[in-house]
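In the form predicted alone, a lone chain appears below as structure tokens.
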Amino acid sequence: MRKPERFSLAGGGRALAWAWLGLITALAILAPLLSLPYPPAQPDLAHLAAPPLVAGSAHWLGTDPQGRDVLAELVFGARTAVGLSLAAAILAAALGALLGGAAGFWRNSGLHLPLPAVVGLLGVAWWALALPWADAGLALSTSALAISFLLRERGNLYLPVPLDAAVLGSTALLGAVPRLVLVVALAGTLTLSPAGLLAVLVLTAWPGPARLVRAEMLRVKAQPFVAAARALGLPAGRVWWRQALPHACQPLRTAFPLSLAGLLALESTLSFLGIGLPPEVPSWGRLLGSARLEPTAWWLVAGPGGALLLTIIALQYLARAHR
């Protein structure tokens, strides 16, 4: 009798987790359409750090020390959390899957590119960096075109691309510095827009999915169906994209909720510290940080802290359920 009971409890937990995440997503989508008593980021100087349900006040959940409505900040903070953290998690998972899947499938010698293409790519990359010696990029690109004309009759020379070494080296380099320290350093030295902060989050989050997909790809590429596809003469790129990569991405079903929870906590930490997003953008972390100006304002911790805690717990529960 215990087995059905545990199954029922697990199903109920998943339902609650999905219901909470659905509520947060609905608030994020419908935030501009909701008829809130006060808009976000609009101070009410007559009610500074007012507690919830004060007589004669329309601030149902109180205000922060600047007089901004806590309810409006919570609702539009959900929009920021979903729009930024979810987008960063999706982009990081996609980038990590592509890089990790390519590294595990072709390793260091399976992918070859023509020498002119390699030289041209190096030249374009060098030129795009806008370094003081960026004119060398134009020289490299010109040299690549010249080499391509010279090798047209003799056939192109092909060079192996060390994809595996490049991906593993990049993940090791990014993993050598704690993610919070790296993001704080980038966000603190650069003036970031929401799109810039999104790029920083993706840059620091893709190594985890890349390592998972690479490890799974090493197992998938040895499976009989991949060998059969190659024996049929299918191009390696098609085998990788159509057969191997979908199977290698299976671990992301479990890792994605955890990655999303980590990015949500990271974005809230940055907002709590006052860096990252512009001051006019509502955020749960910035609302939590405003409690430092009024330590007795418990509602500034209960509202955003509870929403953040419940969201992270729901994501972690879904990750365990998928596992």
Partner chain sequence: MRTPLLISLLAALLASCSEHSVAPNQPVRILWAHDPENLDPLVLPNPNASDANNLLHLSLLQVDYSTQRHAPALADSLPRVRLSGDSLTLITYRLRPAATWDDGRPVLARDVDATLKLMQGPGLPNEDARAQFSFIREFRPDPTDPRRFTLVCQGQAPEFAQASGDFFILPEASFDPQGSLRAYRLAALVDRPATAPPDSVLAAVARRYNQADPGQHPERISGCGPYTLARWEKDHRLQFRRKPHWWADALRPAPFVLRAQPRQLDFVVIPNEANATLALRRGTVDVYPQVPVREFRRLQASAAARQQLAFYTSLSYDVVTAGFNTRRPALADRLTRQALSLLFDAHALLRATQQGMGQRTVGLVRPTDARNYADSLPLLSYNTGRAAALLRRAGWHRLGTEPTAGWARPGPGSAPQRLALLVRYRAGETAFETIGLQFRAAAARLGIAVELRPTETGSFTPALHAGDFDLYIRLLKGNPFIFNFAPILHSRAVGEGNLTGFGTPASDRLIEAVAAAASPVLKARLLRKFQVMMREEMPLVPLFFRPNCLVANRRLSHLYPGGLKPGYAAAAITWVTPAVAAAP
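As the structure is a prediction and not an experimental result, all values here were calculated from the model. Positions refer to the first chain, counted from 1.
Another form, the form predicted together with its partner chain, is not on view; read the next lines as being about it.
- Contact check at 4.5 Å (heavy atoms) against its partner chain in the predicted complex: all three of 41, 45 and 292 pass.
- Of the heavy atoms in residue 59, none are within 4.5 Å of its partner chain in the predicted complex.
- In the predicted complex, its partner chain stays beyond 4.5 Å of every heavy atom belonging to residue 52.
- Proximity of residue 32 to its partner chain in the predicted complex: non-hydrogen atoms within 4.5 Å are absent; the residue sits far from the partner.
- Although the partner is absent from this view, residue 37 stays clear of its partner chain in the predicted complex, with no non-hydrogen atom inside 4.5 angstroms.
- Counting a residue when any of its non-hydrogen atoms is within 4.5 Å of its partner chain in the predicted complex, the hits in 63 to 101 run 65, 66, 68.
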